[in-house]
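A single chain comes next, written as structure tokens; it is the form predicted alone.
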Amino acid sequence: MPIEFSFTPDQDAFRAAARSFIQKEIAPVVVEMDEKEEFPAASVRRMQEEGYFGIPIPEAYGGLGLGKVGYCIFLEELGKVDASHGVIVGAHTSLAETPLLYYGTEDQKRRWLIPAARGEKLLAFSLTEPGSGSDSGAVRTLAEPRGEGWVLTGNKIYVSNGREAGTIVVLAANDVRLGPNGGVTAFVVDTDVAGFKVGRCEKKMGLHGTSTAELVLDHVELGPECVLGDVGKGFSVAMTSLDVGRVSLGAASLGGIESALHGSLEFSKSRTQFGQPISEYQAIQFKLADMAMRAQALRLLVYHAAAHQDRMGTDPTAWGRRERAEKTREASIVKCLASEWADEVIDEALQIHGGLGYIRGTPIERAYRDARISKIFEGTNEIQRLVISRDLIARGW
């Protein structure tokens, strides 16, 4: 499929508004947030008030109705300033709102999606367990039927927004023998339900503004209205969410690349060594050129994939098998390239800044710590290569 994309005037206007908001409301709090390792509650509240937690959600369900392209625009701009805020928005929107929009009943959308899109409630998504990381189908949190409802028992780990969320999409095993093919179901769990508690919150190398929590489900009783999608089809629910998340992660990584490029360009023109700006040295010029090539290529890939997802719509039953496979391959390519290129570009940016880039609290040092996780979460890059190669073998190029 040809890679073609251009922004509409409305999308350009949205970018300008988002950029202004982020510079005013987000940029001033980032240094203190990172140093104190605190969830940025005040700036998150401001994003919620502006509707930024419902960007791709249709207006009928409380969102801004700007689709995946609008959502990626926001995450790109946010990625230029801070990765923690981007993860908070992404865990809520890509991973939790997406399954509610795509698979939820009208009652579920009214109960959970509309308040989330309006910014009245923070969401999270929980798949990973102590024994199931890359093997995401090996879910051991049990979902046992009881009457018309279910009882959930188990532990989840590495849940972004897990400490602050009011509702969490949880994947649990209705039949561990079946694994991903009929044995996993998605549930919507309000965090004030009996038996639910937040366990340990991890201390991390980066993303200091986010919570990464353990969740404990101790015989949590849920009604039948909490099943999201069909029983046994939870793995498809999760993978659909991750396809959206991987493209939006690419947008956030693009923002990080652009910020590193801009900072390096300005620094290289002002920093002098041996009587001239270091931008005059070919070694630095080649680094800047490599950064720019990655930014340009990634921008095309991200927005091509986002526009493709917008054209597909939000009804999975309407997707053809080939179109679904193409969407998943695109998302994996975007995620893998974006995370690796961001890692490389930010590393080179730190090299250009020299010792200054290694000093704690500088934007480059923070970006260096924050970027590393992108090759791991939302599916490790090793898993992305498996997804891509298996689709190549099955369908060709």
Ligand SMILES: Cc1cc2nc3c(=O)[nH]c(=O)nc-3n(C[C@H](O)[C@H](O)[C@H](O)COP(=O)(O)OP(=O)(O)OC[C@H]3O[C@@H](n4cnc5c(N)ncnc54)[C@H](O)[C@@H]3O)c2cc1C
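In this text, residue numbers run from 1 along the sequence as written. A quick note: this is a predicted structure, and the numbers were derived from the prediction, not measured.
What comes next is about the form predicted in complex with this ligand, which does not appear here.
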Using heavy atoms and a 4.5 Å cut-off, decide whether Thr328, Ser332 and Val387 all contact this ligand in the predicted complex.
no
Checking Gly133, Gly199, Gly232, Gly154 against this ligand in the predicted complex, the residue with a non-hydrogen atom inside 4.5 angstroms turns out to be Gly133
Which of Ser236, Asn174, Gln309, Ser160 has a heavy atom within 4.5 Å of this ligand in the predicted complex?
Ser160
Exactly one stretch in 121-129, 315-323, 107-115, 259-267 has heavy atoms within 4.5 Å of this ligand in the predicted complex; which is it?
121-129
Contact of Phe377 with this ligand in the predicted complex (heavy atom, 4.5 Å):
yes
Is Ser241 close to this ligand in the predicted complex, meaning a heavy atom pair under 4.5 Å apart or at it?
no
Can you tell me whether Glu382 touches this ligand? I mean in the predicted complex, with a 4.5 angstroms heavy atom cut-off.
yes
Any non-hydrogen atom of Lys204 within 4.5 angstroms of this ligand in the predicted complex
yes
